[in-house]
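Listed next as structure tokens is one chain, alone, in the form predicted alone.
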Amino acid sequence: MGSYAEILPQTTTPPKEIEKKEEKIDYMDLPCPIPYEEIHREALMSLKPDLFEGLRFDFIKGINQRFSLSHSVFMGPMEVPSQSAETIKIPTSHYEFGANFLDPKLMLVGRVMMDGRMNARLKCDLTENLALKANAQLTQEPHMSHGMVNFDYKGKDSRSQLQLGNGALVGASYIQSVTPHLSLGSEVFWAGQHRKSGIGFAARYNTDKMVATGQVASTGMVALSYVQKVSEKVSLASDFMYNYMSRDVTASFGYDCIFRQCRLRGKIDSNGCVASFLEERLNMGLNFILSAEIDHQKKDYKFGFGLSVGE
């Protein structure tokens, strides 16, 4: 009498053949990458929180589902440029009024400050694949106003951008998905007012658990970043910045933790600067903010707290 292996038909697929089928990549169906200018966004989320010094109060009032008004008050010191190693600060305060219009295809954001400065941002989806982005800052100081217009075209597996700004600034970037996890891109720019031009290259590799990026430019910048997603609510990040023109080197390590009622972000860099940023939800529409940055080398210590109220 034969064994079961001889009697039963061989209908199952060997494990090695299953792995080969799973590894097969359809290069005609690759995902669309993120914009070239945002390739470091996961690392910046942890390593570049919105730090501030002093008191900050933000109030947002919704008029309807699309239109809202905002009021912001800030009181704290302002750093003054100095040739000495010590940081010079003077007390200051300002009030800012804002208006926001949010629509699925149109976003308008405006801010007016007490000193007469005005900031404006626009994002408009012209078509399903083409978007227009613009930002401007107007001020009474001569030669300090500037504006930028950005056309973003979203392809099936690629993304391209064209930038136009004052001062005869022209820039273009393109990023292409090479595999489901790897994307490569390049950028060029020309600043006619300063007679400067440059070119850069970047690579981004991302999975469900990690994101690694690298960027190099002819201006001397080399930027590397890595983000490890420990869990859905905890991620660790690190970056390395090097300028081979000025020989400046900076490395930093940071974290981003999301708890039930708060979010904590922080970092420490190779210069000895330690920073932390806490956002705690006290109630519906009420957030408490704590900011701290300690630089022992420069003997500069910054602490801030604030409240954010919004419907």
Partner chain sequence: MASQSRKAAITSGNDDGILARVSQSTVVYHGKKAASNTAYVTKRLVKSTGKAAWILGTTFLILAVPFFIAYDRDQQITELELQNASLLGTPAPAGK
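Computed from a predicted structure; not experimentally measured. Positions refer to the first chain, counted from 1.
From this point on, the text means the form predicted in complex with the partner chain, which you will not see here.
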query	finding
Interface residue in the model of the complex among N283, N271, S246, Q261, criterion: non-hydrogen atom within 4.5 angstroms of the partner chain	Q261
The single option of C257, C32, L44, L55 touching the partner chain in the model of the complex, heavy atom within 4.5 Å	C257
Option from 238-246, 262-270, 66-74, 24-32 whose residues, in the model of the complex, bring a heavy atom within 4.5 Å of the partner chain	262-270
Touches the partner chain in the model of the complex: K233 (any heavy atom, 4.5 Å)	yes
I294 within 4.5 Å of the partner chain in the model of the complex, heavy atoms	yes
is_contact(I39, the partner chain) in the model of the complex, heavy atom dist at most 4.5 Å	no
